[in-house]
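Starting off, we have a lone chain in the form predicted alone, written out as C-alpha cells.
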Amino acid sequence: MTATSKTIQQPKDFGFDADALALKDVAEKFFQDNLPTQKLHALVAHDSNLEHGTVSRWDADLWQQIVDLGWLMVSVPERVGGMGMSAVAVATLVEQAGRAALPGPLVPTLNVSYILGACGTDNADAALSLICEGSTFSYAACNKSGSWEHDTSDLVIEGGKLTGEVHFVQDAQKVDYFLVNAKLVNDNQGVDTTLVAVPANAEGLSIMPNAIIDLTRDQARLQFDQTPIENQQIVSAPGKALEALRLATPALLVTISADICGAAEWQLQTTAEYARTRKQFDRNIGFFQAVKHPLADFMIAIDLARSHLYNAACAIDFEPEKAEQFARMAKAAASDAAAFGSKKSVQLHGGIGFTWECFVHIYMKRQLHSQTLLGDASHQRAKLAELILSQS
C-alpha cells in the first residue's frame, strides 16, 4: 500500500494511471483468451454430483501462466522485490479475475501480501519474497462460529507447538502456505495475538475440505496437532499483529468487493444479451418492462458498488484514515448488488436458468459465497456504524 501518515486529497479519477489501465487491459484480454465461460463450465461444472462438493477444480497450467505474469506481486512492496502497485490497480486486476470467475488462489494470496506488508518485520518480508517467487498463501483465522474478528481465533501456540482448529479457510487445497492467526502463550507476557506462516505440508496439519456450493473455490477446516513453530515463522512483531490486521482490513474488503463487481458485470452482460435474443410473443423479451426494469436496476446497483469500490481503493492510496469506512461501504454495496443480480440473472433466463447446463449458476454460487466473506452487507453496516460512532 502506498498510504502514508500524511493525507493527500483523492484525485478525481480515483488515481487511475497508465500502469493501472494497462494492467486492466492485459488482464481482460488474458481471461477472454484463456478462460472463456465455456472452458470455465467444462472445468468446474462437468460433474453435477453434489457428493463431490469437496473437490478442488482448477487449471494448474493456467495458474502458472498467471504466476509468470507476475500478478501475485502486484501488491507486494518494491522493497522486497514486488511491483508495489496502487490499491486501485490491484482492484482492476481482481475485478477482471472475478468477471472470469477465476478458480485459483489469487485473492487469498493478494490479501495475505497486504497483511504481511502491514507487519513490516524481517520475517514478514521473507514471506513476501516467497510470494514473489510464486508461492501462494491463504489467511486462516475464523473460529467455529465463523467470526471474522481478528482476535477470536481458537488456535494456540504454546511451547513452540501450534494446536487447535481454524475454519472456513479459502482455497486451502490450492495454496502452499497458510498465514495463521493464533494466540501465543508466553509465561512472561501472557497471551498475544500472533501471525505465523505455516507450510501446507507442515507436520501435524490436517486439511479437511468442506462441501460448498461455490464450484470455483474450495474451503476447508484446518486442524493443527502439535505443529512445530520456529521463530522465523512468526511474521508479526510482539503485540503488533492486531494493528497490522487493522491496517490491512480495508485492502481485504476491497479485493473481495472487486471480485464481486467483476462477477456481477458478467451476470448483467450475459443476461442482457439473453434478453436481446430470446423471443416470446413474437418479441425479444428485453422489450417487456418486467425484464428491462430489473436489468436497469441491476446496472445501477453495479455502478453504485463499483463507485464505492474505487473510492475505497483510492482511499487506501491517498486517505488511509478513511479507508476502513469506505471499504466497509464498498463491501456492503457489492454484497447487495451480488444478491440482487444473482437472483435476477437466474430468473430472467427463465426455465433454462435453473439448469446445470446454463452458465449462470456458476456465477450465482460464487456470488453467494463472496457475499459472506469477511461479512455480508448487514455485518458491514453494523461495523460501519460502530466505526462512525467511535469517531464522534
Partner chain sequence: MSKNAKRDTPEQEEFRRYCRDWLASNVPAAPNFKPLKNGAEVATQQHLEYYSVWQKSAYDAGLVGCDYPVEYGGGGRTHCQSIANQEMLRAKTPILPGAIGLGMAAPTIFFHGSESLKQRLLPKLLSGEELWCQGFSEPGAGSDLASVQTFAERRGDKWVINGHKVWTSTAQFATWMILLARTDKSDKYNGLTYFVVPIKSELGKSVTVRPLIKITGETGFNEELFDDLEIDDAFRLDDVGKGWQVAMTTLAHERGAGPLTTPMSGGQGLAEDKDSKPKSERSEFPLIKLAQHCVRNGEPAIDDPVIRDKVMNMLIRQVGIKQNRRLRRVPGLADSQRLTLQDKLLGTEYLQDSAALALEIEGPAGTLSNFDSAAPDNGMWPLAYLSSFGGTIAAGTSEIQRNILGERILGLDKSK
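Worth saying up front: this structure is predicted, and the values here are computed from it rather than measured. Residue numbers count along the first chain shown, from 1.
Heads up, the form predicted together with the partner chain isn't pictured, but that's what we're talking about next.
Of A27, M364, A323, V44, which residue is found within 4.5 angstroms of the partner chain in the predicted bound form when only non-hydrogen atoms are counted?
When the partner chain is considered in the predicted bound form, the option within 4.5 Å is M364.
Only one of G81, G239, P228, G146 gets a heavy atom within 4.5 Å of the partner chain in the predicted bound form. Which one?
None of the others qualify; the residue that does is G146.
Heavy atom of G350 within 4.5 Å of the partner chain in the predicted bound form
Yes, G350 lies within 4.5 Å of the partner chain in the predicted bound form.
Do L368 and the partner chain come within 4.5 Å of each other in the predicted bound form, heavy atoms counted?
Taking the distances in the predicted bound form, the answer for L368 is yes, it comes within 4.5 Å of the partner chain.
If we define contact as a non-hydrogen atom of the residue within 4.5 angstroms of the partner, is T270 a contact of the partner chain in the predicted bound form?
No, no contact at 4.5 Å.
Mark K343 yes when one of its heavy atoms lies within 4.5 Å of a heavy atom of the partner chain in the predicted bound form, and no otherwise.
Output for K343 is yes: heavy atoms within 4.5 Å of the partner chain.
Choose one stretch from 204 to 212, 309 to 317, 247 to 255, 260 to 268: the one whose residues place a heavy atom within 4.5 angstroms of the partner chain in the predicted bound form.
Selected stretch: 204 to 212.
Hey, which residues along 354 to 383 are within 4.5 angstroms of the partner chain in the predicted bound form, non-hydrogen atoms only?
Residues within 4.5 Å: F354, T355, W356, E357, H361, M364, K365, L368, H369, T372, D376, S378, H379.
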